[in-house]
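Presented below, as structure tokens, is a lone chain in the form predicted on its own.
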Amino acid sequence: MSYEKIDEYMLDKYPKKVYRKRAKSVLPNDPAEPGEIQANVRTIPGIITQRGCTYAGCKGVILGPTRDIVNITHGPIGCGFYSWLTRRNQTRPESDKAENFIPYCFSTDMQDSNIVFGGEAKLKEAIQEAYDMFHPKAIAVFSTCPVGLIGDDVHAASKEMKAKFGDCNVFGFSCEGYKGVSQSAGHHIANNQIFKHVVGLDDTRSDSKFRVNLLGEYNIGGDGFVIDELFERCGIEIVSTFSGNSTIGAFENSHTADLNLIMCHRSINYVADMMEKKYGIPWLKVNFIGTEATSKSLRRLGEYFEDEELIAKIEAVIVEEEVKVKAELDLIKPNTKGKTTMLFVGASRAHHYQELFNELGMETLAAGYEFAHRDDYEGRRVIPNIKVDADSRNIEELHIEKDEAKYSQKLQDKKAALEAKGVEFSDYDGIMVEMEKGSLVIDDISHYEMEKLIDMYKPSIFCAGIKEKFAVQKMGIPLKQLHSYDYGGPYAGYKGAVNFYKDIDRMVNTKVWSLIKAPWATGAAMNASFVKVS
């Protein structure tokens, strides 16, 4: 992709000040020498962005998929409604009678009088009402923008109610929507509070030989269920998943695992770092999106535990599943080979899903994240060089110390021995080193830039979210949602890979998109002109 063409056709149309800012977030890729990209900076006012707010990241992404925590939005009802079941997080309670609050929407529904005179009394009433009705194990309280502006102290209210109940963990989040650059700030705030108030409360340890946590897997469309099944077949226990299909009890027990596996590094890498510092648990980056990626990640587990029986089971699962996947791929790939895609979605999804498109023989023309930081593009090695700005200082940095009673020196010794053999821990490459030379990398793409890219390159499919879906489809290009999967999925693991192959084949080869004409292209649109009034 020619950067000069992009500059002339897309960026150069901006006012000079906007041009200077946006040009730093648009790069032609060179995997051998990844350039420095501007990321995690505030969206330019007036530009239509893909991003969500800090509250969305905290409540919707991190806490939303946990089934037995009552999540109360302290704020206007609109914020609560928007974050209610807008992602297809699935869960499996132990029985029909087990707690599952995911289908509910809890809100204090603040009114004008609460904004003027304060809403803490109403919040305490809401917490009490939720406790009386459900007697949950935990209640989480989320601040929205008005709460931050009027100064309601959700932490003090939560602490007071927790002391009053005695058998219910109540904790708050200062996750006002404006607090950070994007939803990424909300992820960080949420994980900090989970770490402070929940992790480490239950020291019970099962007899399983191989115990791991899966961090950054949200069970969209059932992805987590597929991974659970794979691990079960191999004989590996998942102590806790952050946060898909999760429970408060699993969070409390998560510090007893022998290894942390990170799927979405953007949303949760700091939890892995904190757990290693406090409890000595090493972490590895893994990816279960794509056949080759899944096999590679499973083998990394075998390499870590160094158990011959486990390695044999893993290899048996890989052989069995890869044969089935290959049979499906051989049928589908001739239909998809040579097609093109663009991916602009959150966190690691724009990165991981390129594995699946590569397997289909499709080329990724352009990709980028909604709420990334530079390390998501350039790799973890640049973290020490990332300048800490005022927005980052809004987020609390926890001071973590070793827990002498619960810290595992044995796990750290194991890590050191494996590192001596060449096993890499605590690291991940950014998206740039895995994309083709000349492809385009764009952070926080705007609606205008998206339309220009589609107009120039006519990709076979565009991957984004619900906010872009219908605008793109009206341009005659199929759009695959990778935040919620539309009605498809799961797409993780081998089973998910086959589902994805079939869905993409249908989408890029149907003729219906060529029949779509935008309303303004049919001549039926109303035209108007300005009238000068004297």
Partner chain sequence: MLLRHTIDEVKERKALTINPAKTCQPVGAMYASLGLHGCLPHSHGSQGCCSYHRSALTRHYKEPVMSGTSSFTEGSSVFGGQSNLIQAFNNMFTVYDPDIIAVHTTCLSETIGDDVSQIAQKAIDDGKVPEGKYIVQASTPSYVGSHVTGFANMCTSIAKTFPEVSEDKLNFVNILPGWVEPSDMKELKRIMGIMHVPFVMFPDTSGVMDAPQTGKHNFFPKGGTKIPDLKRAGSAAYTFALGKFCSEDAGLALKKKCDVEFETFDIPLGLKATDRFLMKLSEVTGCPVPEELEDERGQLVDMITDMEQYLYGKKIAMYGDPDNLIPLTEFLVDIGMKPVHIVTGTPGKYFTEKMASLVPDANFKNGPQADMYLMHQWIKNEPVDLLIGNSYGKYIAKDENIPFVRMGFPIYDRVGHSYFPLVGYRGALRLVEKILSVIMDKIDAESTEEKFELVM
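Quantities reported herein were computed from a predicted structural model and do not represent experimental measurements. Positions refer to the first chain, counted from 1.
As for the form predicted together with the partner chain, it is not shown, yet the points below apply to it.
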Would you point out which of 261-269, 279-287, 98-106, 322-330 contains residues with a non-hydrogen atom within 4.5 Å of the partner chain in the predicted bound form? 98-106
Could you tell me if residue 85 has a non-hydrogen atom within 4.5 Å of the partner chain in the predicted bound form? yes
Within 4.5 Å, heavy atoms only: does residue 467 come near the partner chain in the predicted bound form? yes
For residue 63, is any heavy atom within 4.5 Å of the partner chain in the predicted bound form, or not? no
Considering only heavy atoms, tell me if residue 380 and the partner chain come within 4.5 Å of each other in the predicted bound form. no
Identify, from the list 346, 216, 180, 221, the residue with a heavy atom within 4.5 Å of the partner chain in the predicted bound form. 180
Can you work out which of 293, 432, 126, 318 has a heavy atom no more than 4.5 Å from the partner chain in the predicted bound form? 126
Just to make sure I understand: among 133-151, which residues lie within 4.5 Å of the partner chain in the predicted bound form, judging by heavy atoms? 133, 134, 145, 146, 149, 150
